[in-house]
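Below sits a lone chain in structure tokens, taken as the form predicted on its own.
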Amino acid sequence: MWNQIADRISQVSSTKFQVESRRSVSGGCINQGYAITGNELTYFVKINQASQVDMFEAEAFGLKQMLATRTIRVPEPICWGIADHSSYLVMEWLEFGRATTQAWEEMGRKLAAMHQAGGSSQFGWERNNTIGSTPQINTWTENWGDFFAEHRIGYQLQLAKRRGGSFPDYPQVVEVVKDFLADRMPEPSLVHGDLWSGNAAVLETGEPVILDPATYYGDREVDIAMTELFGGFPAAFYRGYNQVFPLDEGYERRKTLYNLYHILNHFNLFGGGYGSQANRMLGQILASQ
């Protein structure tokens, strides 16, 4: 497998590469990760089952689209495919450093710039991708409320019911979400889609970087909401973001709904107490309508 991957790196980089050493590193919750080194070059490689090659291809496409905005740093994808019985994604190797207040503020400013970059008149994406290992449906939709109700909350709710979760009826929730977002008409922004603290870092140079996207065009607030879900980002991040692209009135009210998507997904991935947390959030949303 490693020789095949090295050959592919050589082809796309036009520079001969051979794996002289490799070591295991974190690859996220669902992938194996490796640092491979040769010819004084190092790459980061994610490995999964061969059936997951579409997931890696979608991630690479998302990274390329984020890079094209020339705003915030993301790892550059090098190549991807199938070697032996495994799928792989090769990316540039990044050396992480210590995050400073200045770096967090810059991350906020650069994320805001990406959100302002435009690129679509509709919500969705060119292809479906994944959020964790869960399929993420990105069918192009003109109305944000319809998109989020049907392809985010509604889809996750259907999966959760199949998993045995006890939740309010799908048609009721979808209609409530549409009503909840009826007055929300944002411009479509290219969003990271899975922006929690584990997917944000700072390089040795002090440059901020975001990783492991679940990219699509959506309401920019979904990224900001998720940064608050699992512990939150430092205050400097939000200060930097609002310097460039201040949040709209009503964000605090919408935040719970946007994070419900991720809690339902965590129930579908891990079960446990995420089900009761999702029901509490659903209760707040239903009660507000």
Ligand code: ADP
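Position 1 is the first residue in the sequence shown; the rest follow in order. Since the model is a prediction, treat every value here as computed from it, not as a measurement.
The form predicted together with the ligand is left out here; the points below concern that form.
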{"query": "Among the candidates I30, A236, A50, L41, the residue which, in the model of the complex, approaches the ligand to within 4.5 Å (heavy atoms)", "finding": "I30"}
{"query": "Contacting member of P208, G124, G154, P75, with respect to the ligand in the model of the complex [4.5 Å, heavy atom]", "finding": "P75"}
{"query": "Proximity to the ligand in the model of the complex (heavy atom, within 4.5 Å), stretch among 93 to 101, 165 to 173, 140 to 148, 113 to 121", "finding": "93 to 101"}
{"query": "Distance check, K46 to the ligand in the model of the complex, heavy atom within 4.5 Å", "finding": "yes"}
{"query": "In the model of the complex, E105 touching the ligand (heavy atom, 4.5 Å)", "finding": "no"}
{"query": "Partner proximity in the model of the complex: S26 to the ligand, non-hydrogen atom cutoff 4.5 Å", "finding": "yes"}
{"query": "In the model of the complex, N199 touching the ligand (heavy atom, 4.5 Å)", "finding": "yes"}
{"query": "Partner contacts in the model of the complex for 1 to 16 (non-hydrogen atom within 4.5 angstroms of the ligand)", "finding": "none"}
